[in-house]
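The chain that follows stands alone, in the form predicted on its own, written as structure tokens.
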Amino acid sequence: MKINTILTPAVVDELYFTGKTTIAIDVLRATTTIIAALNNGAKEIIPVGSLEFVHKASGDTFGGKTIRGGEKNMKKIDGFDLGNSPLEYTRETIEGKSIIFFTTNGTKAITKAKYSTALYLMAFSNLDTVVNKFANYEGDFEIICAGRNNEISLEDAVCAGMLISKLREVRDDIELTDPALIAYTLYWKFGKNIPALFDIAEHGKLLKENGFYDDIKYCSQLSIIDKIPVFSNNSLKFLN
């Protein structure tokens, strides 16, 4: 098994992912929020790469059960129903609904990888389930980290490195590209204490400065959800 880690989506184009298996990560906060929303009963999440596509997707009302969620520069977008906090996506609010979802970084990374043969989502919140799925996987795969503003985010790289580390505990046939080795090394340097990681990571500090303390606490939890979102037919649902 060969693992490559794309530390920022800026270094690849959409066609790079053709024929590949991919795991997308945006710990703070898109993939964490998507996993939480699906776990609380959302019918599906429709990720879009631009606000223009939000309006196009909203043209189909999906029987009146569609809501819009996401953020731009950490704040809920005017006219949207929800922001990008996993704590907003309660069962009472979103159960049975389709959610058109846009974020500054995360959904752009997800939609960039849309041509993958298989595209899964991961955060700290479902990490062990992803480990279990790939423990016996036959083939290579990519990890795409959403990063922030086309730059590397420490927390996404550490999450990728944690996945690599856990897989290396159960497999002895793993080959790492240089970017994957960087992620693995960052995990060993910074990944043993996730709350402390968020204290030093630029995005974590920005979220705290803007009052998202509860989001930070939620996003730091390890393996609290045992399901994996998979992208198919332009939407995300849990893998059966």
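Quick note: we count residues from 1 along the sequence shown, nothing fancier. Only a predicted model underlies this, so the values are computations on that prediction, with no experimental measurement involved.
The following text describes the form predicted in complex with a further copy of the same chain, which does not appear among the structures shown.
A.B. asks: 208, 189, 171, 65: which sits within 4.5 Å of a further copy of the same chain in the predicted complex by any heavy atom?
C.D. replies: None of the others qualify; the residue that does is 189.
A.B. asks: Just one of 154, 74, 77, 119 has a heavy atom within 4.5 angstroms of a further copy of the same chain in the predicted complex, so which one?
C.D. replies: The residue in contact is 154.
A.B. asks: Against a further copy of the same chain in the predicted complex, would residue 150 count as a contact residue? Criterion: heavy atoms within 4.5 Å.
C.D. replies: It does: once a further copy of the same chain is placed as it appears in the predicted complex, residue 150 has a heavy atom within 4.5 Å of it.
A.B. asks: Please tell me whether any heavy atom belonging to residue 178 falls inside 4.5 Å of a heavy atom of a further copy of the same chain, as the geometry stands in the predicted complex.
C.D. replies: Result yes; residue 178 sits at the interface with a further copy of the same chain in the predicted complex.
A.B. asks: Contact with a further copy of the same chain in the predicted complex for residue 50, defined as at least one heavy atom pair within 4.5 Å: yes or no?
C.D. replies: No, residue 50 stays farther than 4.5 Å from a further copy of the same chain in the predicted complex.
A.B. asks: Is residue 54 close enough to a further copy of the same chain in the predicted complex to count, meaning some heavy atom within 4.5 Å?
C.D. replies: Residue 54: no contact with a further copy of the same chain in the predicted complex.
A.B. asks: Quick one: find which of 65-73, 32-40, 210-218, 194-202 has residues within 4.5 Å of a further copy of the same chain in the predicted complex by heavy atom distance.
C.D. replies: Of the options, only 194-202 has residues within 4.5 Å of the partner.
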